[in-house]
Structure formats: C-alpha cells, structure tokens
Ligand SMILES: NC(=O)c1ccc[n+]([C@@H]2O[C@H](COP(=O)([O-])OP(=O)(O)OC[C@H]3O[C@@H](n4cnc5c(N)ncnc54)[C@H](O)[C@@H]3O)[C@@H](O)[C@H]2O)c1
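First, one chain by itself in structure tokens, the form predicted alone.
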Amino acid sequence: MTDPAQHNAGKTCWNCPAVEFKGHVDFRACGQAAFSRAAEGQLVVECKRREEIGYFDPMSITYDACPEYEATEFGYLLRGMRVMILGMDGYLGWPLALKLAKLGCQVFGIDNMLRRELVAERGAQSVLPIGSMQERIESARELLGVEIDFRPIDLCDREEFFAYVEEVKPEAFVQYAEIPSAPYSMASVETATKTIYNNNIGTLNLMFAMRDYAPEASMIKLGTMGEYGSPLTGRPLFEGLFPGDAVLQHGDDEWSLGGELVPRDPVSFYHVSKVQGTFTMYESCKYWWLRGIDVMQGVVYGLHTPELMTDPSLNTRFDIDEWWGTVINRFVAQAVVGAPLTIFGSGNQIRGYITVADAMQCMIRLLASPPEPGQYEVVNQVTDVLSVRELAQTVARIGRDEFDLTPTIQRIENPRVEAEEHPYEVIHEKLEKDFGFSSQSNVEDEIRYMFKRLMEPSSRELIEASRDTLFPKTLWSGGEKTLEVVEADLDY
C-alpha cells in the first residue's frame, strides 16, 4: 500500500502553483484547453522559484524530485507556500492558519470580523474565550514560533482585497469567508439577503482576483454536504460530479452523465448561496483555466488540534447557540448546564460529520495536491454518517457515565422544512484513495474532550450566560416562536 504521506509524490510541475505556463492557451467552452506549442512543439513552463533552469517540460519534474518540495506527514508540500486564508478569524480559519504556519507555509489572511458581530447580535458569545486577532497572532508568535500576516479586509471590498492579492501573489487560497448559518439565513429577508450577498459576491471577487493576479494558484473552497440535500430516492451523493459510467435512461434512449454536476437540493438560503458558489467556481475554472477543489464538508464539530491545545490564548472560537453552534457542539453545551438536548422532529435526519482535527488534515492534504490547470475537483469530506438522535444519545450517555451529569433529551417540533425520514448514501472515497487521508479522531473521543473543556468553570459560566440562545426557535417559514415539546425524556 502506498504511504499516505507520499500520495502526491508523482505529481509534476503541471500541478505546481510555482510555475508559469509559456505556451499560448486557447480556451474551449467545454473546459478543455488546447495549446499552441511554445518551443520545439512542446508546451513549456518556467519555474518562478528556479529561474536558472529556464524553460522546461512541465511533466519532466515530479514533486519528490524537486528541491522546492519537502516531505511532510500530509504529503509533499511546497516550501514556504504562500497561502491566503479568507475568514481567518473563524472556527476553521484560525486552526488552519496555525497548522499551516507550523508546517512552514507563509500564511496570510483576511477577515471582516462579521462572525463576532453576528454572534453578539444574537446575545451569544464564544464559550472558549478568544482574544483579538492581533493578540492571537502574538500568542502564535510566542508559543509556536510562527509569523502570520493578517489584514482586516472584507472580501466583498473588491478594491482592498484585490490590492492585497496583488501584493502577496498567493500560491493557494482557502475560502472560509462565508456566513455559515442555515437558521440565520432563514430568519428574515435582511438575514437572507446578507447571507446571499456576502457569500456570493465574496466568492465572485475571489475568482476574479485569481484570474487577474494569481492565475497559477489553487483554490480550496468550502462547500457543504447540505448542497445535495437528502434525496428520497436514495440516489447516492456522488462527489460533486457523476462518475464516468453514470447514465440517464428515459424511454428507449440512454445518455451518459459522466462528468456532469450532480443535482443540488439546498435546504436553506445559506445552502442556496453555497450552490451558487459551486457554480461560480466551476464556471471560473472553465472560463479562465483556474484550478480548484470544492470541499463538500459534513458538519464540523470539536475543538481539538495539537496547535489549539498548546495554550488557551490560541483557542479557536466555539459557538453553541442555535444560529452559530453546530449540532454536536450545542448538545455538549446543553448537557454541561443541565439543559435538555433538543432534537428536531423524529431526530432521524441523517447527516455526515467530521471533527475539526480531521477537517484540518483534509485541507492540508488538498492544498499539497493542487488540481491541473482548468480542473474543477470535488471531494465529500465526511468521516461518519449518523442520525441526530444517535448523536444526542451518545452525548447524553457520555455525560452521564463519565462526567456525573444527568442529561435529558427532548424531541421538539421541527422548525425546518425537511424530510425527517430518508435514506442517505454518501460516497466519500477520494480523500482516502487520492489524497492519503486517514481519520485520526472519532465521535466519542472528541465528545469527551469537549466535555472536559466546557466543564471548566470559565466555559461553564459563559454557557450559562448564553443559556437562552441554546434553544432553537427560528422558523423556516419566517420569524421565531417557542417550539413545542413533542416527547420529553427520551431513552439513551
């Protein structure tokens, strides 16, 4: 079996963001490209880091043979790769910045600090205290010995963002700068509009910035498994595109679906914005020969990475309210303060999940292995597929058996418009097969770690202060109400 740390050893300068193509590229509407051969009938490139070697065949040098690449536990990584994280202040952006900086990448980031503002508007707060970005960056410098460059820039501010990209000329981008809440997007026309505008204009700005100032860079965009919905037919959720052997049969005719985008059925206006982002990225790769990976990520939970564990001053934010806290995080917080764990309707809704530690591993493996120019790639990033009821029962059982708590579980009326009983078959093969990923964490261990952190007096006090925000009340039909309890004290 191939060493997962060497998954990209055979990739070549064809994939490398540090080269510049010297052949004339003739774009094709189908997303393919034809070249006018530049030198002696060959497409050639020039390495922006090793100009002394002149023009050469991009297929002639592999990552494992190039002195600009070094072997890491995540694969061969371009030395000092310039990575720009959009949304660096967020739940995922901050731990990724720390991990990349520790690996020797040059890390740049922007954030408009909107998440802090919106959480505060809800009357909630991160229940793991976090400092300002400057305080966090200083802590990273002192404790981890890394430098991180941060600018307080709004991705929707085209002029300021373009200037930063032109200055840095990143070799990779990570798009985390989106409003990530389904219930927030459904609360009112104002919140829906803000979500759609922020997420769609931001991604559109990013694609144009790449085209104009960093065309060889790769992009990792955070999508969501919620784009697909949960088809009642039981159709598998393929990884973004239909496999080559997929066919459509209608009447007596049959057509190939191979390579076409799979259907989307977004479950909120937030998810609608993510679908739009998918098409923006897909078309931009086709129009401008950009390269990107769309990560259809499951629900992320937890707060445990080696860098985050170094010191509380390096905490990432941890939200537990109904708008900004993901379901497992919220369940643990409810159990800690003796509030009922609230599940919607039957609780049999099935979703894909992944820990923050595994999510970070995935992102770095993807950054280490860019697609080819013009290639739009998709991975489904999940490790576990579970029902909401199973999760609540697991949290309650661990809280009772290992932390001397007395959790209760309630079924409440479902404020969402969704099927509560449905099949759910997720195809998630590429990360393991193509990128060497292997999960390093699991649901129960991560829940135990969350209990330990959230039961610390400082966190417990913050949860109590935000207690009223733990209970869901935002309706998909608009507005809010106190949701009725359908069944109390479920067994676990």
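Numbers follow the displayed sequence, beginning with 1. Just so you know, these numbers come straight off a predicted model, no measurement behind them.
The same protein also has a form predicted in complex with the ligand, omitted here; what follows describes it.
Name the residue from Pro183, Gly292, Gly347, Gly223 that puts a heavy atom within 4.5 Å of the ligand in the predicted bound form.
It is Gly223 that has a heavy atom within 4.5 Å of the partner.
Among the candidate residues Asp358, Glu322, Glu377, Asp111, which is the single one with a non-hydrogen atom no more than 4.5 Å from the ligand in the predicted bound form?
Selected residue: Asp111.
Which one, 120 to 128, 212 to 220, 389 to 397, 298 to 306, holds residues whose non-hydrogen atoms are within 4.5 Å of the ligand in the predicted bound form?
Stretch with heavy atoms near the partner: 298 to 306.
Each of Gly240, Ser369 and Asp434 within 4.5 Å of the ligand in the predicted bound form, by any heavy atom, yes or no?
Contact check failed for every one of Gly240, Ser369 and Asp434.
Is Leu144 a contact residue for the ligand in the predicted bound form, using a 4.5 Å heavy atom cut-off?
Heavy-atom contact with the ligand at 4.5 Å: absent for Leu144.
Heavy atoms within 4.5 Å of the ligand in the predicted bound form: does Ala177 have any?
Yes, Ala177 sits close enough to the ligand in the predicted bound form that at least one of its heavy atoms falls within 4.5 Å.
Does Asp154 reach the ligand in the predicted bound form if we count a contact as any heavy atom within 4.5 Å?
Yes, contact at 4.5 Å.
Could you tell me if Ile412 has a non-hydrogen atom within 4.5 Å of the ligand in the predicted bound form?
Answer no; every heavy atom of Ile412 is more than 4.5 Å from the ligand in the predicted bound form.
Can you list, in sequence order, the residues from 243 to 276 that come within 4.5 Å of the ligand in the predicted bound form, counting heavy atoms only?
Going through 243 to 276 in order - heavy atoms within 4.5 Å of the ligand in the predicted bound form - the hits are Tyr270, Lys274.
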